[in-house]
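Both blocks below hold the same protein chain, though in two forms, and each is given as structure tokens: structure 1 and structure 2.
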Structure 1
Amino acid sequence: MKTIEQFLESKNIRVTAMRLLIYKFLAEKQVAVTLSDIENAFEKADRTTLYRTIKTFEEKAIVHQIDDGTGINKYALCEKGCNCEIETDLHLHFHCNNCNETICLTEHKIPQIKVPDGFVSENVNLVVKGVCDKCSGQ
């Protein structure tokens, strides 16, 4: 099993202490997080560094951005083997209307959607909204 350092290096990302900390923070979360959540967790860190780290992780398919309809983008680690490709790596997200958390439902893949000739898909986002298992008591 690769260490986090080896994983980042395999994605051609220079390993820094902040990148390691942010990766570990995201790995510990069971839900998608906002940039504000990351800023709050690392109050003494420079906001620009945090933003650039998330953007680098996104560009290198380490995290994916989730638009859950709240107007605030959230981020979650990609599952192993994900390249954030529309054809193969898309999954459902669930947004709880009660606790406002968004989780990846990686076991539920979005089927490939064929768009008409001349159209080019750049992003696909499917969010199921409702009440999560914690809030429903189930």
Structure 2
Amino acid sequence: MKTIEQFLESKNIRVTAMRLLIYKFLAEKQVAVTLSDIENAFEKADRTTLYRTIKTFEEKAIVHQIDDGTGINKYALCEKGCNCEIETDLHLHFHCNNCNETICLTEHKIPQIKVPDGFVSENVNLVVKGVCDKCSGQ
């Protein structure tokens, strides 16, 4: 059982107060968050710092970015065993049209998608939209 400090070090980034806080914030959340969400959670910190922290996390495959079609980038922690470093992880994402939250369905992998001859598939973004379990009333 690694501490967060050890984990960050294993990813070759320095441990700072801000990074620990943001990591913990993401770990507590069950949903993908926007930069604004983080901003609201840490009003004393500068937006740029939060932005660059997230970008650093993304580079080091600590978080992955999610484009859920709302036009605003969201981020979620990579799961253990996630191979974002190598390729986009192939789990799908669910966006709730009611509560506007986006969650990783890490257990649900994206099926193999066929493309026409001549096309080369490198990665796939799949977002399912609808009503989440909380909003559908079970």
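Since the model is a prediction, treat every value here as computed from it, not as a measurement. Please note that residue numbering is based on structure 1, beginning with 1 at the start of its sequence. For clarity, a rigid core is taken as the largest C-alpha set superposing within 1.5 Å between two forms.
Just one of these is the form predicted in complex with another copy of the chain; is it 1 or 2? Comparing the pair, one sees that structure 2 is the form predicted in complex with another copy of the chain and the remaining one is not.
Once the core is aligned, does Asn12 move its Cα by at least 2 Å between structures 1 and 2? Result for Asn12: no, shift under 2 Å.
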